[in-house]
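Only one chain is given next, in structure tokens, and it is the form predicted alone.
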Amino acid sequence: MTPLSPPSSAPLVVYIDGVGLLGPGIDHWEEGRRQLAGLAPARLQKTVLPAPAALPPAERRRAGATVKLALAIGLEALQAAGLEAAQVPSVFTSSGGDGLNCHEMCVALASPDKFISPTRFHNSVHNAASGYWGIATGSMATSSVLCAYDGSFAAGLLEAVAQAVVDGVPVLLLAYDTDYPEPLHSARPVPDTFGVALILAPQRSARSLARCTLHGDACLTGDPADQLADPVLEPLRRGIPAARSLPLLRAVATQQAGRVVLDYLDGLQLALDIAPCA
């Protein structure tokens, strides 16, 4: 008897309909697109976080770095895709949350009275950015929050693609990381703050920038992750977990078809095919 071959998984196909980007020397997607496409030089400049104008004043004063970052990139991606937040489920992913807030809580715990500010505490939970997103946008759509340490971007991408394909609706993926002050920085040397947001849609639209295809089990590979030739952008890719999205963003920026391999887990990378929609 010939054993049956295991069924092959159907490919997962989504379209990138909007991008939000903020990081060192990058204030928005258009600036990042030009740098990734080699049309403008990458800049060595500390990330500048905009004030979260979408939040009410009381919440605006309490918002930490991850909240400001997530709001900036998420709203940019939604605007590019021409979508309202209320319609769009979201997937938030970060390797560690708000580094400065974590530092301040450790300082408080090491003090004689060990008093922790309630604001510090509620900003310390990993889903803080997701909660503030709901307050700022009024969105009642489902929201998932996950963490996979340095593989958080790839894990979030898998989750968002699966949701978009299974549920048949656009999904907003937000991946972000912040740096830590010393002494935590010595143990977790994330050099700066970086965030990327993608609108992943199950059908092509007039705003689609690229088609992404994940080929079932073959999307997990032992092949090495793609690197960037740029001497400024490549250290970002290596140093900030969310910036491991940069090879994917470069493929979108250059409008080139091909295979992209992203860092995921130790010895196991995520591969996907990219094709331009222009």
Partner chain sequence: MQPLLLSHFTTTSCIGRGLTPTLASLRERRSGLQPCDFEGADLATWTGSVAGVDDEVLRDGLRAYDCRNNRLAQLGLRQDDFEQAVHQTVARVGRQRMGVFLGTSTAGILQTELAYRRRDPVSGALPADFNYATTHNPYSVSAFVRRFFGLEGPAMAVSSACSSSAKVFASARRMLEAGLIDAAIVGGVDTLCLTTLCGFNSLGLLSSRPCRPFDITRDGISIGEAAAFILLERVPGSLDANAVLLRGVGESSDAYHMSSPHPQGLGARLAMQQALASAGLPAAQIDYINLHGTATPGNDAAEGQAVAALFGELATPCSSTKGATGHTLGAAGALEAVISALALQQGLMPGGINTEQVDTTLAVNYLLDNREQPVSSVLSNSFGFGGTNCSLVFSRAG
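A quick note: this is a predicted structure, and the numbers were derived from the prediction, not measured. Positions refer to the first chain, counted from 1.
Beyond the structure shown, there is the form predicted together with its partner chain, which is absent from this document and is the topic of what follows.
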Among 209-217, 23-31, 46-54, 242-250, the region lying within 4.5 Å of its partner chain in the model of the complex by heavy atom distance: 209-217
4.5 Å heavy atom contact, residue 170 and its partner chain in the model of the complex: no
Residue 234: touches its partner chain in the model of the complex, heavy atom cutoff 4.5 angstroms: no
Partner proximity in the model of the complex: residue 83 to its partner chain, non-hydrogen atom cutoff 4.5 Å: no
Distance check, residue 204 to its partner chain in the model of the complex, heavy atom within 4.5 Å: no
Sequence-ordered list of residues in 137-153 near its partner chain in the model of the complex, where near means a heavy atom within 4.5 Å: 138, 139, 140, 141, 142, 143, 144, 145, 146, 147, 148, 149
